[in-house]
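Included below are structure tokens for two forms of one protein chain, each presented in isolation as structure 1 and structure 2.
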Structure 1
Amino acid sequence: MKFNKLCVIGLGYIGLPTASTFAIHGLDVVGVDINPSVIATLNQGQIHIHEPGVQEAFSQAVRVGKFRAANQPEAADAFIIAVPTPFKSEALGEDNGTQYKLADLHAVTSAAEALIPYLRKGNLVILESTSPPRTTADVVAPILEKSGLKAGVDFFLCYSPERVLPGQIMKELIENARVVGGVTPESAQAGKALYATFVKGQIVTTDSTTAEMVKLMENTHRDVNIAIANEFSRLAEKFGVDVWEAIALANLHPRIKILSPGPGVGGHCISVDPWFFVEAAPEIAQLIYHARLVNDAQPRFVVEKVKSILGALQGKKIAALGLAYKPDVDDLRESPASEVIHLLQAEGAQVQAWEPFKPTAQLAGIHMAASLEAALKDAELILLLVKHTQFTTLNPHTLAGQTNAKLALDTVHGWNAELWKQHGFQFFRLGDSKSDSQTNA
């Protein structure tokens, strides 16, 4: 099967790298986005996302004349839908006491609607957006069939999840194994042929609903495993144990790999995707549901620990280090650090936040310090929320000269307790009541 022209709908963190990679591998690519400022930026030769290697790939695609940005689809041999599937912020579902977040499929359904006039016999359509089980067969197929063409008969239809790690997208897009699920086996083969353009990893075919479940299972597995690490951190504090030591010892077992506790789970994937299972089958997905509750409650656990150190928070000055959703990235979306800061402020604390990867970020209700020094200067407590490398290498000896703070709380195991204590700090760590200093709060 030969594909000459590809139309990629949605030019975000997945769509733009995917479109650029297809273009530099020889396809004529039209990238479509509903956001006019995205199209304008791309038409000026710039990209609007921060991801290593994407600007270079995009520039090359434009240089060789294989990429164009447009605000609506065009006829093509193949179409990829790579739009976001967030959850609805304003509404919750309820089933027998289980309250769950609802997937917002609006972008997927709009993208499918937009393709109807351009769909031709023999075309291939692939959904890449993370979606609830059966979305391809039960939601996307009926929309596309309004064209008068039948999915799996007149055109090929697939689901193929992206599985790339932010920060390594360009590499993983090519090297990772790819799952391609078709509404028919022929659809899956067509999808496989398209990705074979550049994918070096294994390309495995299956049905579309299995492929949807694979993606949700991967991220749910990770969320549940982080939840148990977070629950262990609470148990360790109750029993006078250092959870970090206990995890390191447990992980000496050849078949155990406990993940790390922290202030919560953020980003646009791990904290979102498990809800798709809960919404689709609340009566079954009970473990998944409770893991979500544990992770969502972890910022509150951090705040309770801060209170056990500082006492009542009214007027207390705190320097919060890190706002990104995970270490060494500049992505602040769905960040548990922001949630911790909001909760601290709700109790009256005065928080100065410092995020070295986005020092001028504007986040509602959060005061960004102009520098690390400015954040630290008048603080009573230094609160480490993200394990950025540049935080783990901070020297408490130098910091002691820059701050009034005598208290430090590390929520990510980024600092050496003994070193901080040697330099005059009372030191505390999430999940570690063993090395916690005594307080008089």
Structure 2
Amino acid sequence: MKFNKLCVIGLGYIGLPTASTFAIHGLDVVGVDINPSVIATLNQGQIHIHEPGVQEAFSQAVRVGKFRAANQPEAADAFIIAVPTPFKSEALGEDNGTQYKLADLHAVTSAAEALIPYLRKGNLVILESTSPPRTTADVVAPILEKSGLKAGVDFFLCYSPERVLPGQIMKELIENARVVGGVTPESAQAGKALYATFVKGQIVTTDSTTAEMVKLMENTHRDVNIAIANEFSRLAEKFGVDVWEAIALANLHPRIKILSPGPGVGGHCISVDPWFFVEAAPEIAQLIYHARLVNDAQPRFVVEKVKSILGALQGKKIAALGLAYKPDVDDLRESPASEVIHLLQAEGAQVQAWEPFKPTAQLAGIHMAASLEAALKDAELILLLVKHTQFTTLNPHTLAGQTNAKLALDTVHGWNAELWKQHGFQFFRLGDSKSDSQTNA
């Protein structure tokens, strides 16, 4: 199949890199977003996300005249829907006493509705947004068929999940294997032909529901494995063990690969996608459900650790370092660090947060410091929540002259305990009661 013009709906962390990559490989691309500030930023030649390589690819796409940003779709040969699928705010499902979070597909359904006036016979529509099983066939297809065209007969319809790592999106978009699931085999082949424009990795075709499940399985597998690591961190504290040492020793076994614990699980994938399985089949997804409970409770475990160090938190001043959901990115979605801060504040603590990758972020109920120095100045405890390189390379000797704090809590194994102790700090680490300062006293 020949594709000349592509319309990408949603210009976030996946949509914009995808649109830019197609554009620099020769397609005329219209990028659509409902956020006026996103459109304004892009039309000024700048991007609104922090991701290596995206600015360069976007600038090249604009320079060669292959990319335009707009606030509504246009007629095209192919359409990609890459919009968010968060939770429904405050809404829960329940099955036999099991409460679970519900997927909010409003952005997906709105995007599909917006395409109806522009859909033509022979077009290709691909949903990339992570979605519960059967969303493509049972939700998107009926909406698009309001056009009078039949999915899989008059137009091609696919699901193809993004499978990229923040920080390496531009590289992995091209090099990773791609799964393309069609509502018909012909649809899958059409999707494969589009991605072959730039994908160097293997492109595998299947049906749309299998492709949806593949994406959820990948992130659920990781979530369950993080949950056992987080549970090990709690057990280690109970038994007087350093969980980081124990994990390193266990991982010497050739068939063991335990992941790292931390303050919780965040981001728009791993902390969200498992709930789609629970929502779709709560009577079956029991292990998945309980892993989610463990990871969602990890921020409370961090707060209890802080209380064991500071005692009652009312009026205590804490410098919280990091708000992103993972190291060296600016993505704050579903961040466990934010939840830790909210819980600390609920206990009466005064928290100053510093996020170097998004210093001007405005998060409800969180006070953002103007700089690292401002966050540290009056703090009693320095709390490391994200393993940003900028934080792991901090010199405790330098920091000792910038803060009144003499207490440090590392929740991500980012600091050398002995080095901090040498420079006058009482040092504590999540999952490590063996070498906590209070244990050594």
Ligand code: SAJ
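FYI, numbering is relative to structure 1, first residue = 1. What you see is a predicted model, and the numbers here were worked out from it, not measured in a lab. The term rigid core refers to the maximal set of C-alpha atoms that superpose within 1.5 Å between the two forms.
- Source of structure 1: the form predicted in complex with this ligand.
- For Ile24, a C-alpha deviation below 2 angstroms is recorded between the two structures after rigid-core alignment.
- Comparing the forms between the two structures on their rigid core, the Cα displacement of Lys101 stays under 2 Å.
- If you fit the larger rigid part between the two structures on its C-alpha atoms, the smaller part is left turned by 9 degrees.
- Once the core of the two forms is superposed, the Cα of Lys421 has moved 4.0 Å between the two structures.
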